[in-house]
Ligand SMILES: Cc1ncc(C[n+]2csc(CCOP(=O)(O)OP(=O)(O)O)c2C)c(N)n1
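Consider the single chain below, provided in structure tokens and representing the form predicted on its own.
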Amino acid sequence: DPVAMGRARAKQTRAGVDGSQIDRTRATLNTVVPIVMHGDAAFAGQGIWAETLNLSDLEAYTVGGTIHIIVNNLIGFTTRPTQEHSSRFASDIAKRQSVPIFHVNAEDPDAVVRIGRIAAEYRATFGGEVVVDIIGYRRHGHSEVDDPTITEPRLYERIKNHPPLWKIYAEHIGVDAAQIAEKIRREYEEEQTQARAVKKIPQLRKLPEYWAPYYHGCYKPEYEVDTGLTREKLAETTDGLVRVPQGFHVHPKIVKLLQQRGEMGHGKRAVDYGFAEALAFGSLLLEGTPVRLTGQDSQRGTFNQRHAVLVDSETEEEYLPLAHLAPDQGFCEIYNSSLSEAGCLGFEYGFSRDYPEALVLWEAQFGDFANGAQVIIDQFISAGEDKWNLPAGLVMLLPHGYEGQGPEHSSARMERFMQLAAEDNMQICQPSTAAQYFHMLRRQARRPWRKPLIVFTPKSMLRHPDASSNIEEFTRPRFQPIVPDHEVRDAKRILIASGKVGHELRAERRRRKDTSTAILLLDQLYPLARNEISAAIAEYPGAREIVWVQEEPANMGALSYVLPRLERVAKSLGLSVRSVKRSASASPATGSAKAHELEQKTLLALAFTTTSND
């Protein structure tokens, strides 16, 4: 449901876009009409339909109405309607909103056509959802190989003795349809015979022309592009980002923030994650790349870090600086989503499928909120290209990090994505600095290789000095899959970590005045950059061991994916490998802040302890 809506929104946007402006008048919305077919059991029972219905009139998601057709066979596999839904009709869930519902007899073709016309005219005129409930039956049960007489013997005894629809309709209109039916049967059998003789599998689909400049399949090094910008371009982008209209009443706290961001963009202050993201978005928009970001509290940011949309403190009028950088820029949409995961993520996946030239992002309030969208991740994001050869370039932003907030807001469940990673089906990154985040976002848009990008974003490190970057870091050419250590040259031990714990390890090293431990930050977890990792390790010929350090428990995080691959790299270099992590746990994190602090101190201490035990 939401994937179809997202695809429709992208196609409507393509029809109505003019530079930075998008025409969303009814005439434009009527150029693309989403029609979604449902089974009766799924319509009543699947929560994703309720999530999607709620999106219908929201500015971020509206497509001018979807026509929903329920193929109501009064059976869900073997389940009767009385076991499927509490209401009289499977369609009654649509009554939560002002949605017209038409019930029509599937054995009355004229009525079905008439209701179809009414539904299409209603949607085109009023721009709203409409439901057509076509009530019929399945002659052979759930499928042709099923035997429905086992579970519905009385019903299927009646169906067996009931004439097929073509005979009923022929009698109704007064024609002898026997010859027509026989002709169609022969044509069908001939087509079946010809299909069996086909030796080469035919191409069933072709991607639209707007996919022509882009590649999918396995990664190739020639896809890489430079992502750095000159100081002058960064300053120009900054000036547009901190500019507000005459007479707009900016909140006093935001006045100070804009001043600080102006200093960041001109090299007078270190750049934090929030402004690094704004620089990435702004520079892409100025290059003509559209940007669309939706998510839970994404306009301001869950952690007060983004402030992409400014609110007039007197009138509550909204202003999006990213949409007003230059007359010829790409369009920019940044919206707060409803509190939905599966529906909203599915929508953005659909949008990215039909707008590959845009940077399309979905953000969870906390990383573990993506749990509610696991069906979209499993069915579409990780497997859509392999199953249907249909690529997508959606970005998922998942706040992740162990900071003593308890089991519900610590982990974005990195291990689930690592388990799904195969055949270059996605990219999984955890950028360690603001500049790395900047380069990663620009790489996603500028590189012609279109793959979903899963990003584990920071929380406490969003403004931390260790994770902030000086302006020169934004001028270097590219994103670094593994970030080198410039503080230690003659290392006896190499620690490799990803995310916040890497910065904590470097702080612990400074506290210990340790000069024999190098710390490498693995910012790209998949595809694993083996050559770059080997080269980074080779910088320390005196090293005796490699230690993978993670703050997640042993049965979570990237451990089970990364460690075996590090062992192969280490073996080729004659090094031993061990790992430091929390003990395996059923819960992602402890609920006690004191227990968390003790665990974290122990974790850091073990990383600097010389031992061959794992």
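For every residue, the number given is its place in the sequence shown, counted from 1. Computed from a prediction, not measured in an experiment: that's the story for all the values here.
If you look for the form predicted in complex with the named molecule, you will not find it shown, but the lines that follow are about it.
Within this chain, Ala41 lines the site of the named molecule in the predicted bound form, having a heavy atom no more than 4.5 Å away. In the predicted bound form, none of the heavy atoms of Ser460 sits within 4.5 Å of a heavy atom of the named molecule.
When the named molecule is considered in the predicted bound form, Tyr223 lies well away from it, no heavy atom lying within 4.5 Å. For the chain shown alone, Ser56 is not a contact residue for the named molecule in the predicted bound form, no non-hydrogen atom being within 4.5 angstroms.
Proximity to the named molecule in the predicted bound form, defined as a heavy atom within 4.5 Å, holds among Gly404, Gly76, Pro109, Pro148 only for Gly76. Here is the short version: of Thr62, Asn30, Gln46, Ser579, the single residue with a heavy atom within 4.5 Å of the named molecule in the predicted bound form is Gln46. Exactly one of the stretches 158 to 166, 68 to 76, 237 to 245, 394 to 402 approaches the named molecule in the predicted bound form with heavy atoms within 4.5 Å, and it is 68 to 76.
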